[in-house]
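The chain below stands alone, shown as C-alpha cells; this is the form predicted alone.
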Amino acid sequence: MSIASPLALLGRSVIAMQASVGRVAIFTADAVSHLFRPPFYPREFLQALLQIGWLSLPVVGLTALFTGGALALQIYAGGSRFQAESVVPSIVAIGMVRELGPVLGGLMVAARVASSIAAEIGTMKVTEQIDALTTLSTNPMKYLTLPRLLAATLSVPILVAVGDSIGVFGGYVVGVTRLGFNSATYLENTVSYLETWDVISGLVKGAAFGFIVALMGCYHGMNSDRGAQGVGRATKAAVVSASVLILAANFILTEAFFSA
C-alpha cells in the first residue's frame, strides 16, 4: 500500500466533514431567514412548544433531582478530606446552575426531542408528505422547521430554570436529611454564594442547547434516506450530533462567560 492511500483517506474525511458543516450552515441560514417573513403557523408553534417543553418536564425534573442529591453526597465526601464540608450548599447551587442543569437538561431533551423530530420529519419525507406540502405551496422549512426551532429555543431555558430549582432542592434534601446540615444555614449559604450571572449564563446555555437540539432533529429528518433504515439512521444521527454539539457548545460558552 502506498503512502498516498492513508493521506487520500484522511483528505476525503476532512472534505466530507467540511461539506457536512457547510450543509448544516446553509440549512440553518435558510431556516432562520424565514423568521420574520409571513406566513406564520402559530398552531404548529404551540404544538411544538407542548411536545418539546411541557412533555419534557418530567424527565428533566427527575434527572435534576437525583443529580442534585448525588452532587451533594460527592462534594461532602470530597470536602470531608479537607475539613471543607461547609462548601456543599454553595457548590451544589453553582454547579447545578452553571453546568449540570443546562448540560444534563439539554442532553435529556436531545435524547427525547431530537430523535422524535428526526423520526417524524423523516417519516414524512419517506411517505412523500413533504413533497405534498411543496405541491400545496407550503414551504416545509417554514411549516416544519421554524416552529420547532422557536419552540425549543424558548422552552429549553424554562426547563433549565425548573431543573436548576429541582436540582438545588435535591441537594438541600440530601444535605438536611442525610448529611446533618441545618436547614436555615443550608439555604443561607445557597443564596449567599449564588450570583445573578450564574443563573443568566445557564439560561443562555439552555437557549443555545434547545436551538441545537431542534436544528439537528430537523436537519437529519429533512435529509434522511428513503425507507425504514434511512429514518432509523437519521434518528440515531440526530441524537448523536445534538449531544456532541451540546457538549462542544457548553465548552465554548463556558470559556466565553467565565474565562476571566
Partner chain sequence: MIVLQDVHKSFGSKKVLQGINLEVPKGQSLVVIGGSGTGKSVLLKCVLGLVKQDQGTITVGGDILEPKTREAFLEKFGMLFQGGALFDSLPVWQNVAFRLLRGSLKRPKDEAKAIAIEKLRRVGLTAETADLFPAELSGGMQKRVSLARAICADPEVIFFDEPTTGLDPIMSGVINELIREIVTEMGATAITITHDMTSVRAIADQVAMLHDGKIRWIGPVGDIDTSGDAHLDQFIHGRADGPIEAVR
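These numbers come from a predicted model, not from an experiment. Numbering follows the first chain given and starts at 1.
Just so it is clear, the following notes concern the form predicted in complex with the partner chain, a form of the same protein that is not shown.
Using a 4.5 Å cutoff between non-hydrogen atoms, residue 137 counts as a contact of the partner chain in the predicted complex.
At least one heavy atom of residue 131 is located within 4.5 Å of the partner chain in the predicted complex. When contacts are judged by a 4.5 Å heavy atom cut-off, residue 161 does not count as touching the partner chain in the predicted complex. Using a 4.5 Å cutoff between non-hydrogen atoms, residue 44 counts as a contact of the partner chain in the predicted complex.
The candidate spot formed by 83, 172 and 178 lies out of contact with the partner chain in the predicted complex, as no residue has a heavy atom within 4.5 Å of it. This chain is displayed without the partner chain, yet in the predicted complex the stretch 119 to 127 from 119 to 127, 180 to 188, 71 to 79, 93 to 101 comes within 4.5 Å of it by heavy atoms. In the predicted complex, just one residue of 142 to 161 lies within 4.5 Å of the partner chain by at least one heavy atom: 143.
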